[in-house]
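Here we start with a single chain on its own, the form predicted on its own, put down as structure tokens.
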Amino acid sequence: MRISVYGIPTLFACLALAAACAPREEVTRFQFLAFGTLVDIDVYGADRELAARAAADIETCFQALHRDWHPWGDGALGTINRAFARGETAPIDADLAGLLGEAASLSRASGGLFDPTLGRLVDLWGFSDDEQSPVAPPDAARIRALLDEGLGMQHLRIADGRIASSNPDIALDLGGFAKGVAVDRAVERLRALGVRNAIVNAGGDLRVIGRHGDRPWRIGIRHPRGKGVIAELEVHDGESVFTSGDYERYFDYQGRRYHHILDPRTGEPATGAISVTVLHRNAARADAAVTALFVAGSKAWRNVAAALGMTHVMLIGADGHIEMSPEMHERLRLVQPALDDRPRIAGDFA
């Protein structure tokens, strides 16, 4: 873990903290790698020893979760996936069982657009390896064979401390959920230690505590096709901001972009959006929601957002149009257009 102390708060959240500098205030920043991304913890105005202890606890937690929840590693999730492939049951602890129960609830609410059982599809596409990038799409017949077997959380059974799957081709991948859970737990730890002002930023997905001096936090949202930020978002105590985009991990093949956000209905990268941002008080729920809303795309995101309880949403469609909920419109300031369009403000979700 790297530690630095500085006086001017220039936090990069996804791309940048999009705001003018507040008066000088001591900030302690901690950085470490987990879940395949750089995690920043910035603590404002707190005792440096306390901040360091909190950051060390959080790094330990992140690393443990990364190890336990890696779909192909030696931890709990990897053990479960190997048992599924053999047609066997596997032990599951109460923490992971509760997490999967929450994931199943979110999957149902999203109409299956958030689906943690796509591990073999993710691996087939080559997106399960953090060290290498795929160079070509997989054979369509192999994709269809996995889908025909029937994926989805409804195939899982948890009872008496064990988990089973009715389909041996199911493999759990919590990549669209685990980071949010870890961020929520980090914030809980900071609060428990008495930290009043901080931000936990895991590769651009974040949650804040308190305020940034005498004003709320202002976070920059990355432009999905241009340079810099596309918008600035005001974020209040306890709120989280999560973004999914087709620019995060992808490869180009024969003039087409193939990204890592897969549509459970087709087994291929979703095509209805290029970026989605949500603001919500629960980071885990926000993490799952941006995946589901990205897959839903321009045609269906409003209904999915309502089902998931997401009131603050901005979506940039495949055609470059910006769409957002009225609640998000009140909190967000566009810095530049997505491509060439004015934003469309969606009606109420009622």
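In case it trips you up, residue 1 is the first one in the sequence shown, and so on. Since the structure is predicted, the reported quantities are computational estimates derived from the model, not experimental observations.
This next part talks about the form predicted together with a small molecule, which is not shown.
When contacts are defined as a non-hydrogen atom within 4.5 Å, all of 176, 248 and 295 contact the small molecule in the predicted complex.
Partner contact region in the predicted complex: 167-175, out of 228-236, 206-214, 167-175, 146-154, criterion any non-hydrogen atom within 4.5 Å of the small molecule. Put simply, residue 264 is close to the small molecule in the predicted complex: some heavy atom of it is within 4.5 Å. Interface membership of residue 118, defined by any non-hydrogen atom within 4.5 Å of the small molecule in the predicted complex, is confirmed. Not displayed here, the small molecule is approached by residue 260 to within 4.5 Å at the level of heavy atoms in the predicted complex. With a 4.5 Å cutoff on heavy atoms, residue 273 does not count as touching the small molecule in the predicted complex; it lies far away. Site annotation in the predicted complex: the residue of 200, 113, 279, 103 reaching within 4.5 Å of the small molecule with a heavy atom is 113.
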